[in-house]
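This document starts with one chain, in the form predicted on its own, laid out as structure tokens.
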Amino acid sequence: MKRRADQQPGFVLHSYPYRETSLIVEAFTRRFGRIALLARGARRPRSAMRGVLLSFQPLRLGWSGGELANLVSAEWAAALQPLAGLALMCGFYLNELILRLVPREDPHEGLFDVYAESLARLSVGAPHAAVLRSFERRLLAELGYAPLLERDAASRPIDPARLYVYEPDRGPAPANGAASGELAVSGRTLLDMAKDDYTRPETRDEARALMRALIGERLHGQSLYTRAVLLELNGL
């Protein structure tokens, strides 16, 4: 089905060469979700789009066509401070999560807003771990897999003083003993995560392990390239 869209808020997630002078752009848009666009001539030196189709910058996009639509316009909607260093790798991680987990043409306006906010926070030096965990939690919720954080698998309130074993398909259950070899997480960590509070070092460590496991369930055993790099660089 052919369609036309103009001045749509969006971000470039990834792009790669197509033939000699063009690009295929994977974009994340607010109203239409993740879409593929053909940017004809975008690799030519004098192309107006050449310096616009950059990741991590808010854009206004226009396109026309079907499954692989033709990108007809692209302009900056605002300017964020460019991501650099570890913040740049965090941005690539967010992009990879969307590319791997969000189906094409499945709108998630709330997730789009959280993604834009996450990039803005990374651009001004917000704590990286807090930005990643908050985005991961919202992503899972948007996909229908919101983690249980304030009640256990039996709908009882989480006790901050207790240790829990988190079962990905059920949620947290009170641990019997030390929970060795299982996905153990403290009640304090679960409640901190519910408030997006990652100031406590133990919360950061346990939240990272928990979200890694929950996202791994959705990836069905596939690995994330950027996750491996982040773990190697800084334990994120």
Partner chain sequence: MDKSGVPTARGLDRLLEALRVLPGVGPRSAQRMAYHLLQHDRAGAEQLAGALAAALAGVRRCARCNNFTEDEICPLCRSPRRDASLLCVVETPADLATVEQTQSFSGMYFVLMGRLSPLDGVGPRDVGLDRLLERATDGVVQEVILATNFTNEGEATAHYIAEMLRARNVKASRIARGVPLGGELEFVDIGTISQAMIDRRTL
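Treat the numbers as computed from the prediction; the structure is a model and nothing was measured. Positions refer to the first chain, counted from 1.
From this point on, the text means the form predicted together with its partner chain, which you will not see here.
A.B. asks: Of the options 144, 85, 103, 125, which one has a non-hydrogen atom that comes within 4.5 Å of its partner chain in the model of the complex?
C.D. replies: Checking each option against its partner chain in the model of the complex, the one that comes within 4.5 Å is 85.
A.B. asks: Can you pick the one in 45, 51, 201, 66 that has a heavy atom within 4.5 Å of its partner chain in the model of the complex?
C.D. replies: When its partner chain is considered in the model of the complex, the option within 4.5 Å is 51.
A.B. asks: Although the partner isn't part of this model, could you tell me whether residue 19 comes within 4.5 Å of its partner chain in the model of the complex, counting any heavy atom of the residue?
C.D. replies: Yes - in the model of the complex, heavy atoms of residue 19 and its partner chain come within 4.5 Å of each other.
A.B. asks: Decide whether residue 56 counts as a contact residue for its partner chain in the model of the complex under a heavy atom distance cut-off of 4.5 Å.
C.D. replies: Yes - in the model of the complex, heavy atoms of residue 56 and its partner chain come within 4.5 Å of each other.
A.B. asks: Using the partner position in the model of the complex, report whether residue 212 sits within 4.5 Å of its partner chain, counting heavy atoms only.
C.D. replies: Outside the cut-off, so no.
A.B. asks: Any chance residue 134 has a heavy atom within 4.5 Å of its partner chain in the model of the complex?
C.D. replies: So residue 134 does not count as contacting its partner chain.
A.B. asks: Out of 105 to 113, 136 to 144, 92 to 100, 155 to 163, where are the residues with a heavy atom within 4.5 Å of its partner chain in the model of the complex?
C.D. replies: It is the stretch 92 to 100.
A.B. asks: Go through 211 to 226 residue by residue and record those having a heavy atom within 4.5 Å of its partner chain in the model of the complex; state none if no residue qualifies.
C.D. replies: Stretch hits, in order: 225, 226.
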